[in-house]
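Take a look at this one chain, the form predicted alone, written out in structure tokens.
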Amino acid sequence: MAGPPPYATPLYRSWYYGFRFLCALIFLFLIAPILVIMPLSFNAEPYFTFTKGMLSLDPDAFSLRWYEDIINNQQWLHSIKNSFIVGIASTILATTLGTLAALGLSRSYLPYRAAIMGVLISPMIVPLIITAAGMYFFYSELRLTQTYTGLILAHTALGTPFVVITVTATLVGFDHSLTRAAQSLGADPVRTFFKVQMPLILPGVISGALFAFVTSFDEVVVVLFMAGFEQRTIPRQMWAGIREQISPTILAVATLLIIFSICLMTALELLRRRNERLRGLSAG
């Protein structure tokens, strides 16, 4: 809508424009840190502030030296590799476990369904520092701290609730008569799942997997408790960089993470729209 309708009262017009102005201020407040970080990552000087040359748009004041430092620094490359290894492995586990749990929770005859759902999504509710401390003491007994296995399992526990919620939401409009029809035609449960259920809930599964991956990729508190130097991920390396040495390379990494997150959010939005079309919720 380009504006308020012609018959709108002055009070309605004031609310119409005032509400949009307030939303714009909130959006600017949320996006301002990103708008500051991205140009600072091209600073030719090792400062976290805008230099006079940058403010005057002097080409010599801008440089890619901090992006080159990411490529030439073995610690950053090691952290990037660890983030993808842990993120991909934990996403696969979280997607598998979360999808199976959502399928079980979609059954109306499942006893204590609400209680089970509460337990499964508890990592999203409990303060992360408490979860990280509990994981540390639990995995210490199993000798899984400072190991890739322990870190992957910890991130799996954090990502599974997102998969459960997204797949459960997808299954709300699922027609279970399709599975009964497949079973009546002689299909076993495994074949029914992959041939009937999975194609219809796939957008929700992929959305949950992306959420789980982003959760693992951005996690720093659990990594502080669970990981050693060899398991250091990008957020952990950024944390160490802020505490040990202030370098604009952190701004360059942050800019790349912002672009990466925007791409993932765009993919999630496209999947959401596709899911709505499959469920007949939109005319597109």
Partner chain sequence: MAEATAGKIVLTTADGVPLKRKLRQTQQLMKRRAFTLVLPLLAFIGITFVWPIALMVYRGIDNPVLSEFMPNAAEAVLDWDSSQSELPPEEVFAIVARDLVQARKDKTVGKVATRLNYELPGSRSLITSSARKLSRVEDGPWMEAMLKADSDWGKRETWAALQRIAPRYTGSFYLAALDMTYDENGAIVSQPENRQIYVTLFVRTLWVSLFITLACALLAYPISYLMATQPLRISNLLMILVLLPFWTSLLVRTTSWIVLLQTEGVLNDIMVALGLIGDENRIQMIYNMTGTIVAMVHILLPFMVLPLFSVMKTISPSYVRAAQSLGATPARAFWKVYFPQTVPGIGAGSILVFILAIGYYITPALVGGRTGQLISNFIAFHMQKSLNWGLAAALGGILLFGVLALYWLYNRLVGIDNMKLG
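Positions refer to the first chain, counted from 1. For the two forms, the rigid core is made up of the largest set of C-alpha atoms that agree within 1.5 Å on superposition. These numbers were taken from a predicted model, which means no experiment stands behind them.
Omitted from view is the form predicted together with the partner chain, to which the following refers.
- Relative to the partner chain in the predicted complex, residues L64, L77 and I80 are all farther than 4.5 Å at every heavy atom.
- Only one of the listed residues (M135, L171, V205, A89) places a non-hydrogen atom within 4.5 angstroms of the partner chain in the predicted complex, and that residue is M135.
- At the 4.5 Å threshold, heavy atoms of F225 reach the partner chain in the predicted complex.
- For the chain shown alone, I31 is a contact residue for the partner chain in the predicted complex, at least one non-hydrogen atom being within 4.5 angstroms.
- Contact check for I201: every heavy atom lies farther than 4.5 Å from the partner chain in the predicted complex.
- For D69, no non-hydrogen atom is located within 4.5 Å of the partner chain in the predicted complex, even though that partner is not displayed.
- Contact annotation for 119-143: residues with any non-hydrogen atom within 4.5 angstroms of the partner chain in the predicted complex are V119, L120, I121, S122, P123, M124, I125, V126, P127, I129, I130, T131, A133, G134, M135, Y136, F137, F138, Y139, E141, listed in sequence order.
- Once both forms are overlaid on the rigid core, the distance between the two CA positions of L22 between this form and the one not shown is 2 angstroms or more.
- A displacement of less than 2 angstroms separates the C-alpha positions of I262 between this form and the one not shown, with the rigid core held in common.
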